[in-house]
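Okay, so here's just one chain, in structure tokens, the form predicted on its own.
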């Protein structure tokens, strides 16, 4: 079993022994030259292969900077491995490629097998990485086929770990065709990398800006494996933006949040203006145009083919309604995130609206059913700026209502379960009344993650002799203040929404002030009911440590109480993780 990795070949000296496959030789020259290998030594198999190799090398000589040196005098394996390398590594060659016939080539393979084995043993003894053509037994590594965007550096590869290279090639082609090209990955990446580089240029002009924030939010150059995501959603105060340095840092956080949560089709059009502005007023023109062409757009709208049958009746009912009916602003609950848990009423509202205003954490699976000719606005909301984000959304509602549009305010879970639905209902009704608009507010319920997450994590919230009470709370209070929590009760299942980003404060309050039992069973449920769902079990006393280890995968919630282990007993480990549905 192999491990996929990223290797830096810059400045290295590589050696290829044999010229059996000219295609293999050509491929390696092209790849290694792009990876800035400084010298490439080639030992031909025969005089005939030597002449072919020289022709090939002449073709590349003017196109690459890598120096290709043919070793045609008779030398020992030790000389090749131990005397051709760089001075800084004691002349030992950096990497070896074996281009000799494999076992299936017939008559003369026996001597080559012995040669390959001898070279492999010598490399193994001296810890020199070696790759043999079509021979995993005499290899320590091999390169896999990839697709790459040269402009951005984004590269995608796949390995079957010896289960057949043709399988990997087929899968890579399918991924390139069905995912990479269909979703215009190049456009998305080029735009986002361009924004990152623009911010990087601004960063270099201000000595007051350090790398701490960029490390924290994953925009600085580092390996993906080592990124600590536990601080990604760290609390940010409203008064954060006071000067140019803080404006830059805020824009950087916006970019990181957008990359993490926005759908790909939206990320293709994000601009620097979006990052540095709290709100944008340039939507009015496009909404006015949409209002004028409302009937045309309605005719062009078609439901996703997967949902068309189950929503056919609802859409027919909508089309039969009186055309003079009031336009609506609908507060729609989108459920925990899975398309299968979206109600038919919510689907009908989403696909028939003119303008959709969505929370940041609405998954792309839900947003994918929004027709392309609909206007979508995603809230710029991260921990600490909820109030200003709400005002931005209300401004968008005002614009749309004044233009007579049907609006959906798409909210995660249920609008009335810690979703500010009640506040929005009052605010919108007051605005409609004050401005005498021919509009009305409707609320469409959704499955709350507070009820779904424990279920998908195998936690019965109530169970005889274990739990007789459910308490749903939030870990993020008004203005960033911590809520007032009750005293500990053993026979209760406690659910904390939006608490992972400030788990240290939460645990401290529960254990030290409210005297909760630190042995209480705890379960973290993230991305409930989605394909990348993660369920982590631990104890209250270990919760802060565990979140620091596993990071954060918003949206997530915390379940506490004996019900956590009612169906899945504690195994005594620090924590356990179950990935996927």
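Residue numbers count along the first chain shown, from 1. None of the values given here were measured: they were computed from a predicted structure.
Omitted from view is the form predicted together with a small molecule, to which the following refers.
- The small molecule is not shown here, and in the model of the complex it never comes within 4.5 Å of any heavy atom of residue 49.
- Proximity of residue 418 to the small molecule in the model of the complex falls within the 4.5 Å heavy atom cutoff.
- Among heavy atoms of residue 557, some come within 4.5 Å of the small molecule in the model of the complex.
- Among heavy atoms of residue 400, none comes within 4.5 Å of the small molecule in the model of the complex.
- Across the options 151-159, 418-426, 254-262, 137-145, residues that bring heavy atoms within 4.5 Å of the small molecule in the model of the complex belong to 418-426.
- This chain appears without its partner; in the model of the complex, the one residue of 37, 543, 42, 525 with a heavy atom within 4.5 Å of the small molecule is 525.
- Between the options 233, 392, 448, 266, the residue in contact with the small molecule in the model of the complex by a heavy atom within 4.5 angstroms is 448.
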